[in-house]
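Before any questions on binding or motion, here is one chain by itself as structure tokens, the form predicted alone.
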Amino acid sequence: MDRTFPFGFPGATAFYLTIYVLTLVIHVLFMNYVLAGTGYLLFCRWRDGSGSIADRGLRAGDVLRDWMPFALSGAITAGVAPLLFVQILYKENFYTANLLLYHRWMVILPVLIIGFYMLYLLKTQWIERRSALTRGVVTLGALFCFAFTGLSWTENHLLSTDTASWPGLYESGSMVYYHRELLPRLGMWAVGSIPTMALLVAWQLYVLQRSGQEPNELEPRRLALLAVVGIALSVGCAGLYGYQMTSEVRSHVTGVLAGPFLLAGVVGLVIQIVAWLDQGKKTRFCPRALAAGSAGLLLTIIGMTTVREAIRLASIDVTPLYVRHAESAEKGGLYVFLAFFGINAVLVAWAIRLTRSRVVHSAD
């Protein structure tokens, strides 16, 4: 691996690696919104108590509560494509990890269903008439569902790269796998979701601001502070994660393979911090600051998602899979995938437009 990702790989492998990273980035955007957004809703339940929205202006929690079920649907839908590509790229490793985790892996689906309906429950008038404790328990339950899903995916990912542990785990019959990188890796992606959620909610509040629905004047500063704190925490977890890596893996992350993307991610973090500091000085949402923050966020997510894949490539020898990748590329399913990808993108955009129109009309 003496060339920058994805160069240095055969054409079919390079294609699948590239399309996997790009589709995973879309999933990460939705997933970050759901994970950090549910956590923020839990914080809002504790902070706000009761009170009329009209008396205090629109807040981030109001937007999150309304959009969360849609965001979870988007996260699940956007997760299908990278799930398909990861099976092509790392078939044996991926399926072996699934089988070893067994029921722990299969329970993800019912857990997500429960979390999905809890998010809908949070939007109902029935839950608003319940006690603060009941509302908090439901919100905490939804957060637990998504945290469990994130833990299971992280566990599966690390297990798929740790082939030496497979025989022992199989013999023990345990469905729990622990790796020294598990907690810092999970922490990095969990707290790293906070800046993404803050930026997406800020854009939503800006759109509502333009339509005449004024957000609470403290929200721009709150979201700016929240995003900067999230960035600081994610950097701390990333440092701990890097410390836990082996020297060989670390050399791939900082070397030719992923070094440029790591640098891009860091530059994106700096851009985000500058943009949020600018936004934090204002009492209304500023499109200039949000646009700069969006550029920085996209740079960071693409950079760090590529680094994530470079870490896996340092642990799994994909050379024997080159022939299989080439065979898969000849199946002719690419055009079908792109067609349905385009159709789904149009449908999602249409759903967002309809929802925005409903919100604006109800406000009028």
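Please read these numbers as outputs of a predicted model, since none were measured by experiment. Sequential numbering from 1, following the sequence displayed.
In what follows, reference is made to the form predicted in complex with ligand HEM, a form of this protein that is not presented.
Proximity to ligand HEM in the predicted bound form, single hit among 112, 232, 100, 140 (heavy atom within 4.5 Å): Checking each option against ligand HEM in the predicted bound form, the one that comes within 4.5 Å is 112.
Partner-contacting position among 259, 136, 184, 150 - heavy atom within 4.5 Å of ligand HEM in the predicted bound form: Of the candidates 259, 136, 184, 150, 150 is the one lying within 4.5 Å of ligand HEM in the predicted bound form.
Partner-proximal stretch of 68-76, 216-224, 168-176, 202-210 relative to ligand HEM in the predicted bound form, 4.5 angstroms, heavy atom: Result for this chain: 68-76.
Partner proximity in the predicted bound form: residue 24 to ligand HEM, non-hydrogen atom cutoff 4.5 Å: Residue-level check for residue 24: yes, a contact with ligand HEM.
4.5 angstroms heavy atom contact with ligand HEM in the predicted bound form for residue 285: Residue 285: no contact with ligand HEM in the predicted bound form.
Heavy atom of residue 16 within 4.5 Å of ligand HEM in the predicted bound form: It does not: once ligand HEM is placed as it appears in the predicted bound form, residue 16 has no heavy atom within 4.5 Å of it.
Contact test in the predicted bound form: residue 308 vs ligand HEM, heavy atoms, 4.5 Å: Close contact exists here: in the predicted bound form, residue 308 approaches ligand HEM to within 4.5 Å, heavy atoms only.
Heavy atom distance at most 4.5 Å to ligand HEM in the predicted bound form, all of 20, 157 and 189: Verified in the predicted bound form; spot residues all in contact, yes.
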